[in-house]
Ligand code: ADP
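A single chain comes next, written as structure tokens; it is the form predicted on its own.
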């Protein structure tokens, strides 16, 4: 068995199961072993209620008191049971699981595992705990069980079983690091790391496996960057542009003055476009620091040089907002440009018309999403590509650009400030420009951190802002409460660790509808929605057809609503420092005073990172603080962050490994400058 073996060939994986795996983009054995656990369940010995720690996952041996009761909450049925041991009593709640009234008979004893909570009056309760018989629990006590990200119908046990089968028969290729290199960097063998990350015996196994897998991710990324840099140094700008009087004239006419940072960055961009080397530049700056106007100036300069410029945004909504802003600017200042918008939503005759205008050269500025680089798009003379919020605009996209217009100048814009020491490694193939100041008409965001016991106070403030005509974001870490269909039967292994601990978009939206008057318009947004539905939700909010948008962190990128003045973040302790700063960046985009309220779980000290955010709005300072304060990270929590396209690696927590991987890459390239032609794919887990 190798990375290309289809999952249907694995014993026990039939057509239906394969379809469930496909919902998570798992098609081959290589995909499956690269699908890391998001955490591990440690099944410790049962404790009594008096020994158990509140707000921690514990296992309790309890007997059922009475028959239990049922209640309705919206579309859900909630079953409540009273239980206890010799030291106290507790209420157990289960959602949409009516059959438990037959299982949890009065006087019967079971083991319950879940997050232990307490009310303000000191009453214990658990929501959706796992249920075990004594025999079933004894079989897994003192072990670590992998926990995977799931979708409806896809059970944790399905993944556990399939991964075990694959690893039993998988033929690992030779390690690209020899024994001496592994010893030098403190790394285990790759095959050993893969086995340990899925089925560790100890916490040390997890640390060992993660260290190797993170090193591989950084190695692959940095090797690609180094090769691109080497190729870029040899790329002469055969068609340097001429200076743009139109762009310079526009700068003078704008109703605001460029900041010093914007002026410096514009000089660097203009110098690249007129210089001897093809531009490959990163423009870093906080949300609202003024990157977009610099992009527009570069596009106008490209148009004036009788060439085409393309601006790629991460979402259709943001692309439409860019198009609207540029069109209004063109009308106001009589700019001789012809911009067009090309996204997935543009269909039929309109799409065909735009294709024709791009091919003929009539369209000189093209704004859109990834649709800009589809095969059907033929550019007349592509002279500039700008990517907005595309942190890892990499090999494939650049190869696509080569097909569209040869060696095209590229400007990558990012609102994720990264410490320069790390940016040099991550973006070694790019020149870096930074915008560290906000425009003069922007007021600093006012920040507040408090525990969730003060939520009522925060919601009253939200209501006052809405009555003044403002809009509000509410961020929750989860999409919905645990789905009973994703919970194994009473004897199952799937953990619901922390069930009910996190606020979720679904229930929170309903709660707000019940609290606020019906005229307050509330909508929700999350990553499980269809792209068209997500776009519609963002468009409604941008058009002020929604007052409160309850969302997961998908809101980090892709929407600009100056009228939104309040950001409320629930369970703020669950987010990293830089991520919280990015979330906060959705407000403070207009001239009105904006606010960000961070709510954290009660019964805990205020996290240090919230203190930093309350006192500071500067993204670069926060990035440096993030780098300083992070240790090795919580390796037993949800780790698949997706930062910069990485699956497991984190540029802050794992900065030391990133530097080690960079040193390893440099040594290999020094020994063999052609190194990397085949190894880049070899260290990608999905093609081991």
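Numbering follows the first chain given and starts at 1. We call the rigid core whatever largest set of C-alpha positions still superposes within 1.5 Å between the two forms. Predicted, not measured: the structure shown is a model, and the values here were computed from it.
One more form of this protein should be noted, the form predicted in complex with the named molecule, which is absent from this view; the next part is about it.
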- Message: Taking the named molecule as it sits in the model of the complex, is residue 289 in contact with it (heavy atom to heavy atom, 4.5 Å or less)?
- Response: yes
- Task: May I ask you to check whether residue 117 falls inside a 4.5 Å heavy atom distance of the named molecule in the model of the complex?
- Result: no
Taking 4.5 angstroms as the cut-off for heavy atoms, does residue 308 touch the named molecule in the model of the complex? no
Quiz item: Heavy atom to heavy atom, is residue 560 within 4.5 Å of the named molecule in the model of the complex?
Solution: yes
Answer key, the named molecule contact in the model of the complex at 4.5 Å (heavy atoms) among 101, 257, 513, 169: the residue is 257
Assert contact residue (the named molecule, in the model of the complex, non-hydrogen atom within 4.5 Å, options 339, 261, 439, 576) equals 439
In contact with the named molecule in the model of the complex (heavy atoms, 4.5 Å), from 182-190, 360-368, 281-289, 344-352, is stretch 281-289
With both forms fitted on the core, check whether the Cα of residue 251 differs by 2 Å or more between this form and the one not shown. yes
Superposed on the rigid core, does the Cα of residue 176 end up 2 angstroms or more away between this form and the one not shown? no
Open item on the list: Does residue 109 move appreciably between this form and the one not shown, meaning a CA displacement of 2 Å or more on the superposed rigid core?
Closed with: no
